[in-house]
Ligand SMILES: Cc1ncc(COP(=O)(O)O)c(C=O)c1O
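There is one chain below, alone, in C-alpha cells, taken in the form predicted alone.
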Amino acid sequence: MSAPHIRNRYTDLIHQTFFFPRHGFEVIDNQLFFHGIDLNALVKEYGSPLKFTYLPKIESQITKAKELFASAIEKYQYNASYNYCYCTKSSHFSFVLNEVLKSNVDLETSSAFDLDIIKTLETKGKFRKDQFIVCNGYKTDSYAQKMAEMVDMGYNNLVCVLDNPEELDLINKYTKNQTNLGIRIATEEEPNFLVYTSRLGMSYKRVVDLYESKIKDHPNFKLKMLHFFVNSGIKDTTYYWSELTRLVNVYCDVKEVCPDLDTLDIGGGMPIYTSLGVEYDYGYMIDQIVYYIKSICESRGVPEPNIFTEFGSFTVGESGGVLYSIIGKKEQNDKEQWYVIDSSFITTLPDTWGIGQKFILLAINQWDHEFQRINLGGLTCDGQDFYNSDTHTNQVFMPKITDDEPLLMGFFHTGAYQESLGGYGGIQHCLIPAPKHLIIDRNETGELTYQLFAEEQTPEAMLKILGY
C-alpha cells in the first residue's frame, strides 16, 4: 500500500485555512493574481519593494455601500436621504480623491489644509460648490477662517461640526454669511477601553443648552447636523447597537427644540477585510442601521433624519498593496526562522508596528513549495521592525526558500493611512527609502493600465532634506 499524500504545500495550507479564492485573489500556475493583476510579472517589471493602488476597487466599494443603503431605505420606506462622505484623512493623494469624486460623493475633512485641497479640486472641475463638506476635527484659528472664507465663496453645504462649545465663538469671529453647524456627540467607549468617554465631541447634556443659548437666535447659524463616531467602528455587537440607539434618541431630543436639524452623521468605521478568515455581512449591518434609526424616530414622533456616513478605510483600504522580495533568511534558534524583506515595515507599513494592525499576507510565487512557520524582519536595526502573527493564526507561514527563484510576498488591503502615519517623501527610520508607487486602473475596454506615480526615493532627495 502506498503512503498517503502529505498535504504540506503552501497552496494546501491557504485553501484549508481560509476562504480562498475570494476578494479578487486567485492562483494561476502557482502564482498569485489580484483582481486579474499578475503580481509576479509586476515585480519583474517594476522591481520591489513596490506599493500599488488599484483604483477600480475604490469605485466598487462606494457603489456597494450606496446600493445597500438604497435597498434598506426602500425596504423600510425611510423618508430621508443618504449621503456617502469620503474621509480624506485616510488618503489625501490626488489619484484617490479624483477616483472618489467620480462617484459623486461628498467629503469629510479634519484640518485647514484639507480645505485647500477641496478648493483646488473645485477649480479643476472635480468638485462642485453645492456638494457637502463636513468639517470635523479640532478647530484652529486658520481652520475656522478658511471655513468662513469658503462659505463666502459659495460653498453653501459646508457644515462646521463643533467638537466643543468654545469653538462656536471662534467660528463666530470670522462668519459673515449663514453657516451650517453640526455638533459632535461624545460616545461612551467600550468597557475595556482606557477611558470611559471619547475625548472627541461633547456631552449630549450640553447640546440643547448650547443650541438655546448661542445658536437658536443667531442670524448666521443654523444647527443642521448631529454627529457621532463609535471608536471601534460599525460592528454587529451589543455595544454598537446600544450606542446607536442612545445617540438616535439624543437626535430626537434635540430635534424637538430645533426645527432646522435634519441630518444625523453616524461617522465611519465600516470594516474592511484584513484577513481571509472572516466574513462581514455588510447588508445586514446597513439594514439594521436604517431600521434602528427609522423605528426610534417613529416611536418618538420625529421625522427621520438624512443619514451621512464618513467611510475612509472602507473606501480606499482594499485598493492598496505592498510587494516585497525575501532577500535573506536567519535561523536564530531551533524554533525561530526569520525571512528578511527588502524594505522596512516601519517605513512602508507603520500600522503594523504602531498599533499592531494586521493585513492580508500572501506569497506571490512558489505556492507549490512546502511551507514553514517564519517571522518577517525589516532592514532596519530596530527590534520592532518585524511582523510575526496573522490576524487569526498568531503566526506566519511562507513557502520554504529554494535556489530556484526569489520568494516574493505581499501585504494587501493596505491603502488607508500608511503614508499619513509614516510620512511621505521625507526621512524614514535608518534612511530606508520610500518605495516606488504604481497606480493601476482599467481603460474603457477593461484592460489594465499602469502609471508610475513615484519612483523609489533617491539618496540625493534624502540628503537635500537633511541639509547636506
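When you see a residue number, it is the position in the sequence shown, counting from 1. All values derive from a computational prediction rather than experimental measurement.
There is another form of this protein, the form predicted together with the named molecule, and it is not shown here; the text below is about that form.
K.L.:
Give a yes or no on whether each residue among Arg184, Phe229 and Phe311 has a heavy atom within 4.5 Å of the named molecule in the model of the complex.
P.N.:
Answer is yes for this spot.
K.L.:
Would you point out which of 119-127, 86-94, 373-381, 339-347 contains residues with a non-hydrogen atom within 4.5 Å of the named molecule in the model of the complex?
P.N.:
Stretch 86-94 is the one.
K.L.:
How about Ile364 - does it come within 4.5 Å of the named molecule in the model of the complex, if we only consider non-hydrogen atoms?
P.N.:
Taking the distances in the model of the complex, the answer for Ile364 is no, it never comes within 4.5 Å of the named molecule.
K.L.:
With the partner left out here, check for me: in the model of the complex, does some heavy atom of Gly201 sit within 4.5 Å of the named molecule?
P.N.:
Judged by the heavy-atom cut-off of 4.5 Å, Gly201 is well away from the named molecule in the model of the complex.
K.L.:
Look up in the model of the complex whether Tyr46 has a non-hydrogen atom within 4.5 angstroms of the named molecule, and give yes or no.
P.N.:
Residue-level check for Tyr46: no, no contact with the named molecule.
K.L.:
Taking the shortest heavy atom distance, is Tyr417 within 4.5 Å of the named molecule in the model of the complex?
P.N.:
The answer is yes: Tyr417 has a heavy atom within 4.5 Å of the named molecule.
K.L.:
Which residue among Met270, Met147, Leu264, Leu247 has a heavy atom within 4.5 angstroms of the named molecule in the model of the complex?
P.N.:
So the residue touching the named molecule in the model of the complex, by this definition, is Met270.
K.L.:
Pick from Ser319, Thr179, Asn136, Thr352: which residue has any heavy atom within 4.5 angstroms of the named molecule in the model of the complex?
P.N.:
Of the listed residues, the single hit is Asn136.
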